Structures are given as C-alpha cells and as structure tokens.
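Here's a solo chain for you in structure tokens, the form predicted alone.
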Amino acid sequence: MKLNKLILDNFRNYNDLDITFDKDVVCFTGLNGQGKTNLIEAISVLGLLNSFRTNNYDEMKKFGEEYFFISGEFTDKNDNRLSIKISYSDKKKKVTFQDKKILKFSDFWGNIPIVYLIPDESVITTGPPLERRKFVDKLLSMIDREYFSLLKNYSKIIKQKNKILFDLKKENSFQTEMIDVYNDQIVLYGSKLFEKRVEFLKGFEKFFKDILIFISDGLFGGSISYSSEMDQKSYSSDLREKLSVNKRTEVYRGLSIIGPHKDDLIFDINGNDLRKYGSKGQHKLFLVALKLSEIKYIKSITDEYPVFLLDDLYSEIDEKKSAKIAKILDEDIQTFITTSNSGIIKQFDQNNTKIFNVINGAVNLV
C-alpha cells in the first residue's frame, strides 16, 4: 500500500496543504512543535478512522475553525486507486471511500492497512495487560473480518453483563440466574477469540524472533507467550467452569472478571520477563521488533504491506540498530518518518527517499 497524495484543510496547524509522494521513504524534519507529527496523524486517521492521539475529532480542527477536511489517495499492490475522504463539521463526521459514504466502521476497517510507532506506544511493553490485548485485537481485526465480528459481539456481551452485575450489586441481590445467558455467550465467543489469538501468535512469533535478533545484532533473543487464568488445553470448558464458580464474586464486584478480556501476553527477552527486568533500551528494541513484525505479518496474510508511520523513533536508537531497521524498511515498505535529525535518512536507499522540512505548518521539499 502506498500513499500518493495528501490534502489537509484546517487539520491541526495546517490551513491548506496539498502534497504528493512518489518515494517509499518520506522524512518530515524540522524543529519540535512545527507540525511534523500532525502529518502522520492525518495519515493514520485516513487508514484507521481514528487518531493515535485522541478519540475526539474536535481536537483535530485548527484552532478557531469550524471544520476540517482530509483526503488521501492510495494505490494497492495491483495499482488500484483507493480514495478516502473525511470531513468533520457541526460535531458530525462524514467518511467516503471510493466515493461511497461509509456508514459503518466495519465496512471500511482494513481496506487501508496502517501501522504506526509513536512514543506513547511504550505502554505495550511497560503497561497493563489491556495494552497488549489492544495490540493483538487491533492487528487481528485489521486482517481478519471474522475476528473483528467476534470481538465486537464479545465486547457488547461484556458491556451488557457488566450493566446487570452493577445493578445486582447496587440492589445487593445475588439472584444470578440471569447471568447464565451472558456466560453462555462469553464461552461461545470468548473461546473463539482465544483460539484465533493463539493461532496468530504461532505465526507472528516467527517473524518477531528473527527481527529482534537481526536488529539487536544477535544480542537479544525474545519470545511471546499467551497468559490466561484458564487452562489453555481446555480453554472452553475451564472458562465455563470459572464463570460459574465466580458468579457471586462478579456480582459482589459489579464487574465481569473472567474471560479473554482479562488475558495477557508475556514478553521475554533473553529468558527474562521484559516487564520485570528489561532495561529502557531493551523495551524500546522489543517494541520496534513488535511493530516491524506486525508489518511482516500483515504482508504474509494479505500480500500487502501496510503504510508505516514512525514518530520520533530515532532519538533513542543508536546508529547501528537504526541502520538495521532501515534495511528492513527498504523492502518496498512506504515509511513516513518524523525527526529533528534528517541525517538518519542517509541510511535508506537514496534513490527512493524524499525529505520535507516542516516550519509552522508549511511543508517544503529539501
């Protein structure tokens, strides 16, 4: 997947921007606070319909303006033109894809694959289990419509069950019979989610192990394993049993505490738990390997590379490791990089790179 043209109107600090791209590696350089990250944010919104910064479209409008408009023209591996336009005005957003209005998120999701690596994503390796589940759920939803549907149905059931549990707690009632119908659905959808997650990890980890060893120059080996309160050899039956045993506990807490929405991933580096023993540098390298593996995995399933967005990565990666990263990204992967140090662009194929200088919302070719 390649982005050929980007148009911004009143998006963040951009009044009127119309820019074309004809190279696979695009670097936005300049001082901090000039609008570099705003550019890759716009690209992420075009592909994901959400910003990696905020869920509030109001915050993406240029200050003092009443609307914003963004448009992108992509081409896929077969040179098919893909056009996406998003407008936002009067608290309402309008999305058109291939000149047809998108009414449901699920009708569009996955058509324009985007992978991004931003500083805030350090929570994937350092944060709570929720962040690691989000990493897997977002990736699988992008390439597997069945998973997307399962996750949507499962989340809806958990939300409904939590409402019942909260009401029972408030009423100090332990009449749990009505919970059984929700638990049956949790077993049905939850077991399928578990199976797809585990199957995904088998394929994903192969890419991850090779990439981590490569970019660390053989210094670090890593592994990813699935963690759950349920017996993974008999997940469905154990899930059903634990839901039954914990009904009164869930009512007491007013919250659903059993199911794959509580599962986790365990990240190991050189045989040690990354969260407990990993250094800052190891966390960063592990995260980079996760994201590069995400790119490779998407390509292996869809035969299409996603567009890759890198925000300020190289401030914490040494030159030798960044050169290794560049070697991977030179494999026909369109990559947009923001940095205050344009020197890193020299690590890429110079015949396939372009540098833009960003100054207070003005973007100029270097």
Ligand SMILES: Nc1ncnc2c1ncn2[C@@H]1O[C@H](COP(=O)(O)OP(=O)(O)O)[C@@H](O)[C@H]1O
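In case it trips you up, residue 1 is the first one in the sequence shown, and so on. Everything quoted here is computed from the prediction, not taken from an experiment.
We do not show the form predicted in complex with the ligand, though everything after this point is about it.
- The ligand in the predicted bound form comes within 4.5 Å of no heavy atom belonging to N357.
- The ligand is not shown here, but in the predicted bound form it comes within 4.5 Å of a heavy atom of T37.
- The ligand is not drawn, but in the predicted bound form it has a heavy atom within 4.5 Å of L31.
- None of the heavy atoms of E319 is located within 4.5 Å of the ligand in the predicted bound form.
- Only one of 58 to 66, 42 to 50, 298 to 306, 329 to 337 places residue heavy atoms within 4.5 angstroms of the ligand in the predicted bound form, namely 58 to 66.
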